[in-house]
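The chain below stands alone and is given in structure tokens; this is the form predicted on its own.
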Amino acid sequence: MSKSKDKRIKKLKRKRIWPSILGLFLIASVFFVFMLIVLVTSVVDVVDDKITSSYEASSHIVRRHVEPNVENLEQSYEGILTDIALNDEVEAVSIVRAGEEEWSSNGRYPDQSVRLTYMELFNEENGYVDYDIIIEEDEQNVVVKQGDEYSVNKGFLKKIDIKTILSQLDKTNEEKYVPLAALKLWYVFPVEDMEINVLNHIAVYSYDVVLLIFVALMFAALLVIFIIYYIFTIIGLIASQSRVTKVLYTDIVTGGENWLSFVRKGGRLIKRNYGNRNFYAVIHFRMEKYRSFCTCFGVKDGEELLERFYNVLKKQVRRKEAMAHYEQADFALLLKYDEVEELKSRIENIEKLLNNITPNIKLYFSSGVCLVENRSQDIEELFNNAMAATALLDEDAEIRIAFFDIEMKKQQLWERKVEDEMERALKNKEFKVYLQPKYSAKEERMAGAEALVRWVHPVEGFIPPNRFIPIFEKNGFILQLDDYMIEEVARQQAKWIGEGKEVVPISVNVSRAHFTREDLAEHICGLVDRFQIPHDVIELELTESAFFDDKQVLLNTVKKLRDHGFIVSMDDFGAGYSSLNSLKELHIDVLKIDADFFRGADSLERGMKIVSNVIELAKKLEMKIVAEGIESREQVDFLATQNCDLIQGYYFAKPMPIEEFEEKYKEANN
């Protein structure tokens, strides 16, 4: 699998989940911090208000009863006691003169050792924290007065253990007036040589924090709802991702694992095979003639058969092995083995099990095997090698198991090289036209030629056609090569005609792949007419196998070509299975008898009888006869007696470059 494709699949699988989880964490954190800040700020504001109120009450008592009557202070005691009784916040008032304790409303005086500090006393019986703090007014530690407004000094509040106060807020009290948390502050007011000390009891009651608790609960509820919503969203995304992954790795025909799943799982098994603890083999397993099965029984039955195949194969796959449906009736397997013979036996056993699915129908299978040599190998490349091994199996072979070897690897590399360089070679005219002469059977004069292609590679040198033509036929490049050959032959014929030389018809092969286009005749005319030559100096050879494609298109194209003046011949006559039937419907000018009729000593006599009758039949149908592959004088003499028109073969000449052909033509016809 390509890196970009693998990256896209991984991105699809991971899409949006991690950002959502991170988003949940960040938003929840921000929400929680915000809620905490609001709550702490609200508590601080409550304490702020309580301290400010207590200070105002304390200063009110001092201003009312002490300052106006400093000399007659005893007269103020009764008024102070009355105000203390009326004020819930003031607990005691004491007077210290010249360092001596003079009077106290309840016998309490501030402890001078903790002046400007605080000490924490926890009263478990009452269930609240009791602070005893001495504050001097002239130090401005608690309340700052600006005009008629009072504000609490924040620096002082930082000294108060707010956490301890908050820890007491969850204590439930049945009585309304029992505080949840409290602190006591001594306010010290200097008056001449006296200190007027006012002890305030500052309490945070349940009804003071109801609103805070309500707000906190609202924030908490919103946070919980938000988190739940986000969690369900993430669960939905995970479920969606799971469904996407399942669809991504599910085969639509068998309902099991598909090729992507095999690549992922099999590739992982190979890479994790540290130290080659297991021997692995990648297998291309194919049912032959699957299309024929579908033609006979229907596509639906064919797909049901593949599903049953998958179920059987799945049961044969062991732990740390993998399998999947590849395409059509092809399956991919990654199997462990100890010995190669054991692996072959296992494959044969799988074939038997699959044949048992349809006891009344004989099924045929082929297997290509590529042994894994090391854990760094790519599973897709290994499977491609296994497919190459399957493709090289002979159709008539009894044993339908082929192992990929080094020669197959070389062939793959060669095919890759050919495909990489074919476009460049065509552009640089590395494909050369070679001509093999055709001689008249009786006069033995050169009367024609066949154009054959040869590749003269700048590095590889001379490359015979059997090393590149099959590759071109498989990848479709043969279409461009055929057009190139027709143009080159037409260009050469135009050159000879322009030089005043006598020309003979030259035949050019037209691949069967061309006959799928209905405008082939017009296309060939366009190629040839660029050189302004007569059409009858070009002979177009088609193979008998083209008759088995779109027959009507072939018949129409041949008629058009002949109407345009081209000579049309059938190559390799007798190599197919319906030769006589093709002769009945195809109106052609030349019949080329396949060279196999002239080979094999054991069947030579029978072959000559067939050739004799074919020649007689062709004459009756007004066709010329060309015998190819002629290599002996006896064959030439026999064909001359049978009125064969032209002979082509190594007896007279091998294919040769155009310059050598020109010299040969002069010699043969002078």
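Every value quoted in this text rests on a predicted model; they were computed, and no experiment measured them. The numbering used is simple: start at 1 and walk along the sequence shown.
Although not depicted, the form predicted together with a small molecule is the subject of the following passage.
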## Note on the structure
Checked Lys417, Arg272, Arg599, Lys314 for heavy atoms within 4.5 Å of the small molecule in the predicted complex; positive is Arg599
### Query
Looking at Ser105, Asn87, Ser511, Asn384, which has any heavy atom no more than 4.5 Å from the small molecule in the predicted complex?
Ser511
### Query
Just to confirm, Gln436 within 4.5 Å of the small molecule in the predicted complex by heavy atoms?
yes
#### Entry: Partner proximity in the predicted complex: Glu91 to the small molecule, non-hydrogen atom cutoff 4.5 Å
no
### Message
Can you tell me whether Asp482 touches the small molecule? I mean in the predicted complex, with a 4.5 angstroms heavy atom cut-off.
### Response
yes
### Query
So, in the predicted complex, is Glu541 in contact with the small molecule at a 4.5 angstroms heavy atom limit?
yes
### Query
In terms of non-hydrogen atoms within 4.5 angstroms, which of the given stretches 622-630, 52-60, 605-613, 29-37 touches the small molecule in the predicted complex?
622-630
